[in-house]
Every structure is written in C-alpha cells, then in structure tokens.
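The data below hold one chain only, encoded as structure tokens and taken in the form predicted alone.
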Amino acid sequence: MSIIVQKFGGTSVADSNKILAAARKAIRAQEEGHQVVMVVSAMGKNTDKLIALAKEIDENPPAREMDMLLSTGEQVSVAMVAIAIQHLGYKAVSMTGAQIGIKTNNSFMKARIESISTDRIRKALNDGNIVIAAGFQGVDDNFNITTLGRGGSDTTAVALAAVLNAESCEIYTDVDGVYTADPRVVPKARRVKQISYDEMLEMASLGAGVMHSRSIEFAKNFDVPVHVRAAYSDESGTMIVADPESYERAVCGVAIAKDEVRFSICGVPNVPGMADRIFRPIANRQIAMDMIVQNFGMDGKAEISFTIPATELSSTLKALDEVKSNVPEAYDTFSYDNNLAKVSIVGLGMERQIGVAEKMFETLAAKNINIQMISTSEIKVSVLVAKDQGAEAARAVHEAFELGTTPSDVKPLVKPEMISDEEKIRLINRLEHMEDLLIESVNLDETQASVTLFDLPQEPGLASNIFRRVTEAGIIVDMIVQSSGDKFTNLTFTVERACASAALELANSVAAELGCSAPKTCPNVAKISLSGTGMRSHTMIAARILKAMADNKINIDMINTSEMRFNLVVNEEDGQRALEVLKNELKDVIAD
C-alpha cells in the first residue's frame, strides 16, 4: 500500500474548524487506499507567542530551553488533530519527534536531521492508524529536544516521505501553489504547474516563502515528489519534481527578499588565507551567507561583500569584531546596509540562452533603479537595490520576461513513478546523516579570462550600458560580480579567452567615458565550480573551501555563490592544483 505524507502549516490548523478540515483531507486519502502520515505545525501564531513570552523574561534566552519551549506548540497541534480524526470515526495516533525517532545533531534552534527510525511509524500505519507527526522537532544523542529552525515542519515532512519511500509529499498551505513571483508583490504572478528541484531551491533561498530550502534539499537528494496545495480547496497546485515547467523559457520566476543586510569589507590583503579568516567566525555561528562576492581590488587589496538575513545582524557584527581582534590586518574597514532588497531571477533555461542578465539590467535601468551589487550563477542572477524600489524592480522584471503568461511548451503533468528497488537501496544507504551536504561535481574551466572595471559611479543604467555593449560586440559572458560601495563600485566579468582583447578594449572605452581608473584584465584564469545541494545552508562549506586554499597557498581572485553553486577564480597556474586540493578536502561529501 502506498504512503502519502501530508503537511499542514500553522494557518491550516489555526482553529478547531481548520483542524477538522485537515482531518477530513487525511481521511479521504486513507479512503482512497493510501497509508497516511500527517505532519503538523503549531497552531496559528503560537510559536511567535511563545518566543515573545520568553523574551519578556530574557531578551536572549538559552537556545536549549527555547527548543524545549517551542516544541510544545506542535505537541498541542498533533494531539488536537488526532482527537479530530478519532471523533470522525477513524483510527489515529499522535507522535512527537522523539517518539517517531527523528534523531538530530545538538545545534539547538538550527538542528539538522541525522537519521529517522521508521519502525514505530510503520507499525502504527499497518495497524490502520493515520499517524500525526509533530513537525519542526527531533531529539539529539543526549535526549535533548531540538528544533529544526525556520521551515522545520516542511523539512520534517519531506524527510519522512524520503525514509518511508512515500508516493508523494503534499504540502498544504494558505496559498494554492508556487507562483512565478509573490502575488502580494506582483499582481500578475502566475501559478506554475510544476517547477524543478534546482529552480525551487534557488527560489526558496532567495526569498520565495512557499517552501524552505532545506526541505527541497531533501526532496532533490531522495527523489521525493512534492505537491504544494491549498488547504482550503482542491486546486491542483504545483508539483516540485526533477523537470521544469518549460525548457523554452530562460526564467521561471522572480524572488524578492526584503530583509537583507549587505556587508562590505574593504582593504582585504589579496593573499592566501585572508578570506578564510574573515568567514570562519561567521560560519562557526551558523550564519547562512548569500551573494558572497570577492572582487579584484587595487593596490594588492580585495573587496569582499556578502548578504545575510536581517535576523543575523548582531551575530555577524560580533563575528567581524572577533576577526579584527584576532587578526588586525585582515581588513581595513567594513560597513553594512540594511536598507536593501535582493531581487533575483531563476531558471534552468539560463544555461542555454545568452543575454538574460543584460535584459534584467536594461529593465531596471528603464525604471531608473540603481543596481548596488550583482552576483550570477548558471541558473540565477541576483541584484541588490534600495529597499523602497524592491517591489517595483520585481514587477518590472516579471513583466520583462513575460512570466505572467503560460509557456507554449508546457506538457501535461505526469505523475512521477515510484523508484526502483535498486535505487531504493542506493538511497537507503544514504539515510544515515541524511541531511549532510552532498556535492555532485567539482569542475575546472580553463577557457576563461577576466576583465575588471574600477571606481565606477553608483548610478542607474551602469550595468545595462556595459552589458548591452558587451552583447553587441558578440562577447559571451559567464560570471558577473559587482561589489558594493556607497558612491563607487568595481565590476568584474569573465569571458572566453578568445574575447579577452575585445572585452578589454570595450572596458577601456567605458572607463575613458566615465573618467575611471584603467581597467585590468587577466587573460588566463581558472574557474572552479562546485555544484551541490545545500551549498548555502551548510554554513561551514565556504570556510572549508577557503581554508583548503589558504593551507595550500592558493590565492583566490574572485568568488560568487548561489544555493547550488560555489564558484571561485584563481590564477591559471594554480587551477589544476586547486581542483585536486578541493577534491581531496571535500571527498567525504562528494557524491560517488
């Protein structure tokens, strides 16, 4: 008998009527011949109320005790749902994370799942019960209650679907699927029939609030079809599977994150090891950084910029103070700006189409929106803009890529097949430490050159002007990195080596027109790309990469990152050695 996992968020079980509605959905699935596991969040805003209550006593309460406190919200919910199902005449049993057997590490408030025992839950299912599992929580080796952090119930649901080899994982929420943008910001946003794991991972990490990125990491790693549906209706919703909705379009969606803080670290000596010394104290605090950008600097010093969630501002300031105290020469100064929004476009089709970034830049220039920072990857372009222009930027980009209309090549949704016995065995072998990082590939590209423009004025249309001319010259661009600055910025892009001279000539022309410093080119660089699931949420990965480079005296000239990629550029003569160093350093997390 096939298993269905159904997850109901806090708004879907906010009161007794909604709890009864959720119970009926589970009963209907059981009547259709499935064994059913429900994963339930705390009722309504109960978690927020508990946090506020704790902070009335202590502004910074101990993390272990917060996990003990917050886990009670889900315990109330699962009991209420079990009572509702039994009231309707069906068998049900509620279980906490510990009772299920969800084992985690001991990182309180941000715990990661290490393994899940299925014996108790399978016995309950085989006895005819609908099992109601508490989301968001587990237990460590010392039997301490732990919580999984933001989006933890999504993570619990998909993890259970993985270990139970469920037919699908249904996420019931207050929206009826995944949209091309947040419909509260972009009224013309369209619900998509399906979206790929990779696209959803980027969208989730960049601000799309429907799903949390850690849950999609599980889905991708263990081939779990995820069905996002409305709790209040029977709409078909959106399937998150391996394939995108369209291979025709370059862009599948626009994401906006309004609570971002950008840090700019200036005067970093461009020598091996400095980036590692800066990032390690941040990673040790498990702060997830995004848009990590290291750019070429002048006078032997580099610029490093990165963004963090606003909630991590205080911790990041403490980390940078620690760096300065321990290694005074690590940087000259740093600044931060919390009045920014991050706007991103995502799509698997970007890998096959040129001019996507240029089109985004032109669109923002036409709206007189200044781009303060740029980071690109193979399937994502992210920019930072003023917070009060974020919504306008998202709407403009959504319109430019015609995301409000259905692509012509959308095919009927095909229900994913259950995996084979051989594949099941392969996945079961990975269930221990199941939320560990998995790097799928480490590749070296020795076909590129880089061009850097210095001291460019921070003004609308800058990137649009440069990359329009680049495209007109027939120059194909790979990486784009624009570091931050209050009045001036540096911009670097990589191109095919055959185009290096033409790109430098164009850069010289731009610099002369703007009265900037002479540009710089490195005609032969090596780009190393690490691709995998959870590159951002596993905060120590950047620190491990940078330390390995530092220990082997390999200097890094450029960095850019995304949810799925970590790209770095080194001198050509260091390329092959850097590749081998990283393969050796990360052999424990590289897929077989």
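A residue's number is simply how far along the shown sequence it sits, counting from 1. Note that the coordinates shown come from a computational prediction; the quantities given were computed from them, not determined experimentally.
Separately, the form predicted together with a small molecule exists; it is not shown, and the next lines address it.
Residue in contact with the small molecule in the model of the complex (any heavy atom within 4.5 Å), chosen from Thr104, Ser382, Asn490, Ser153: Ser153. Of the residues given (Phe279, Phe136, Phe467, Phe306), Phe136 alone sits with a heavy atom within 4.5 Å of the small molecule in the model of the complex. Heavy atoms of Ala42 reach within 4.5 Å of the small molecule in the model of the complex, making it an interface residue. Contact annotation for Glu74: at least one heavy atom lies within 4.5 Å of the small molecule in the model of the complex. Shown alone here, Ser531 lies farther than 4.5 Å from the small molecule in the model of the complex, counting heavy atoms only.
Contact check for Gln30: no non-hydrogen atom falls within 4.5 Å of the small molecule in the model of the complex. The stretch in contact with the small molecule in the model of the complex, judged by heavy atoms within 4.5 Å, is 144 to 152, chosen from 388 to 396, 144 to 152, 451 to 459, 371 to 379.
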